[in-house]
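Below sits a lone chain in structure tokens, taken as the form predicted on its own.
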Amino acid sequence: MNEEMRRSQQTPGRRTIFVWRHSVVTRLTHWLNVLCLGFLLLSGLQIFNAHPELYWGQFGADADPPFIKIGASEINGEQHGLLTIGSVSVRTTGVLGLSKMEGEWTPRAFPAWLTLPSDQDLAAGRRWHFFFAWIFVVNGLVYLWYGLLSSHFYRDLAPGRHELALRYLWREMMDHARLRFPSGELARHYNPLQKLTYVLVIMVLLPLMVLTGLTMSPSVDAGFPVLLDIFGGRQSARTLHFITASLLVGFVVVHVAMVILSGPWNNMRSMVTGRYAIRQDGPDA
């Protein structure tokens, strides 16, 4: 990541150098993850539509009070889409609960353009979901193996003690809020917010999503009943699976926004070719 490849230049007193930012394994597993997460999200919403209610505990059926519900109800003589969390309901007509399908208003948790396949087809949705879930797991194991073997986690993602100081982190957050991104030597490495976020996603959210997904399988539960004890039941695991997926979607949105704001071409080039350009003070080499 920190090996200097070559130097070029532009204006007097400033030069651009290229460094290796991402290894081949990191780039390949990253883009395969993008593909898998896209298919997993769309097919997962298709599966959710089959029963758009989430529960907490061991049991969940139509007669049980849901923790989260997306549906349609008649209000003042008109149908409206509703997102209900606990006792609070928000109208979401057009997106959640009630959306147009082939020009007709249709009660449906997530709209057709957000599910795979578009028509309600639970069996097809499950096939897409499980196929890409196993690719996602194998891809994650390859990345984990590489990260440990190459010291990638320790070298690039583990924050230093000084980077964990509250004052340091606050300054980093303020700089990001003002769109002031690291430059020069500081741009060679991930900043503390990136490190903490990536560690949270890689070490917590992704394993949690896989484990809660496995807990929803009766055959896996038969072999590893401890999973039901850990997550408090199959319905709790389903709710945590949904919440974890929502947090990952939030991470992707912020991640893409930061890529665009901090230099889309440079960031995309580094994730495709491995080369990342940084600007430094000093005469041309």
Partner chain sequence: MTGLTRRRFLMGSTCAASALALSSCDVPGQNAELGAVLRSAEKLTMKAQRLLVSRGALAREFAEADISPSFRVNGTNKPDGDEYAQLVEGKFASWRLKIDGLVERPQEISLADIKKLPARTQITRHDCVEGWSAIGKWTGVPLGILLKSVGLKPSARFAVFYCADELERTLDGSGRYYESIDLIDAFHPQTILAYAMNDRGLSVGHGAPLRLRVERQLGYKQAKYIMRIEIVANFAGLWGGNGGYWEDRGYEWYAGI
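Predicted model, so just to flag it, every value in this text is computed and none were measured. Residue numbers count along the first chain shown, from 1.
One more form of this protein exists, namely the form predicted together with its partner chain; it is left out here, but the text below deals with it.
- Under a 4.5 angstroms non-hydrogen atom cutoff, its partner chain in the model of the complex has A123 among its neighbouring residues.
- By the criterion of a heavy atom within 4.5 Å, Q235 is counted among the residues contacting its partner chain in the model of the complex.
- The closest non-hydrogen atom of S217 lies within 4.5 Å of its partner chain in the model of the complex.
- In the model of the complex, G60 approaches its partner chain with a heavy atom inside 4.5 Å.
- Residues within 4.5 angstroms of its partner chain in the model of the complex, judged by any non-hydrogen atom, belong to 50-58 and to none of the other stretches in 248-256, 50-58, 66-74, 30-38.
- With the partner removed from view, the residue among E78, E185, D175, D119 that has a non-hydrogen atom within 4.5 Å of its partner chain in the model of the complex turns out to be D119.
- With the partner omitted from this view, the residue of Y154, W145, W134, F181 that lies near its partner chain in the model of the complex is W134 [heavy atom within 4.5 Å].
- Of the residues in 217-231, those that come within 4.5 Å of its partner chain in the model of the complex through at least one heavy atom are, in sequence order, S217, P218, S219, V220, D221, A222, G223, F224, P225, L228, D229.
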